[in-house]
Ligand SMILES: NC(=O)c1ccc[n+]([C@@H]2O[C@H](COP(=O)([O-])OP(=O)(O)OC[C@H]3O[C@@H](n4cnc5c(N)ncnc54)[C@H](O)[C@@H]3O)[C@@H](O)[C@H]2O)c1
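Quick heads-up: it's one chain on its own, the form predicted on its own, in structure tokens.
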Amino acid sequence: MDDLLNIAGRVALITGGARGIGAATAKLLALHGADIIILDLKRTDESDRTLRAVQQAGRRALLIEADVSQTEKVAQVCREAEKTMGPVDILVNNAGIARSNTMADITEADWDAVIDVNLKGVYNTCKALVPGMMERGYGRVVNLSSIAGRRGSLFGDVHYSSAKAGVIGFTKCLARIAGPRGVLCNAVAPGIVKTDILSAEHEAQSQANIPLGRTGRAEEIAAAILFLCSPMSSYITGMVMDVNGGSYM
């Protein structure tokens, strides 16, 4: 069974990997053998703690600083990271932001920011890294969508729902393009998860809609990501894995 989750020798790049779901994913992939590149806005105490946890698992760790919405910068830092760590085999697009706006009061600036980070950021990293995976005949891409992209946000965040629905369409199309070249592309759609971008108000309002009766943990989302990065999922591509305590079925 361990062999089916073994990703030893693989290099994984995780966007937004300093904290929350990204940090939990970095630590779990490292425990199963992967070297880890974290792409985040800047070095912080949180990013340093995550890097140390990866190193304590016996794996190499690297932080690269960039805004995922900046196309040329992402391409540059990805090239530099691959020179240092070797070709990226696993890409986890986790970076995301949320702005609490309803249709009535959303601004163009907030719309652009949410779309640029949550959707354009996925395009930018895939544009930089997936062609190399296809040339080598191996790759795993896991894009973080959301329950909001499946059913629409319960809180009126049309920009966030739009971006996360776009991630699903992007993932399915990329799966068709890259699958014949050995690159599997899937999405994970978490429900309400206890992270820094979850407000106490939204958490409280969501509880009645969760059959399991609780908020999810970052480690539970990371487990789904590990599965999609591992040999256990070798015949799965273009899929959306819902991890939400039963709140979307």
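All residue numbers refer to positions in the sequence shown, first residue = 1. Since the model is a prediction, treat every value here as computed from it, not as a measurement.
There is another form of this protein, the form predicted in complex with the ligand, and it is not shown here; the text below is about that form.
Among the residues A222, A61, V193, L184, the one placing a heavy atom within 4.5 Å of the ligand in the predicted complex is V193. Annotated contact segment (heavy atom within 4.5 Å of the ligand in the predicted complex): 142-150, selected among 169-177, 79-87, 142-150, 126-134.
Proximity of L29 to the ligand in the predicted complex falls outside the 4.5 Å heavy atom cutoff. Contact between L119 and the ligand in the predicted complex is not found at the 4.5 Å heavy atom cutoff.
Although the partner is absent here, A95 lies within 4.5 Å of the ligand in the predicted complex, judged by heavy atoms. In the predicted complex, at least one heavy atom of A66 sits within 4.5 Å of a heavy atom of the ligand. In the predicted complex, K164 is the single residue of 162-188 with at least one heavy atom within 4.5 Å of the ligand.
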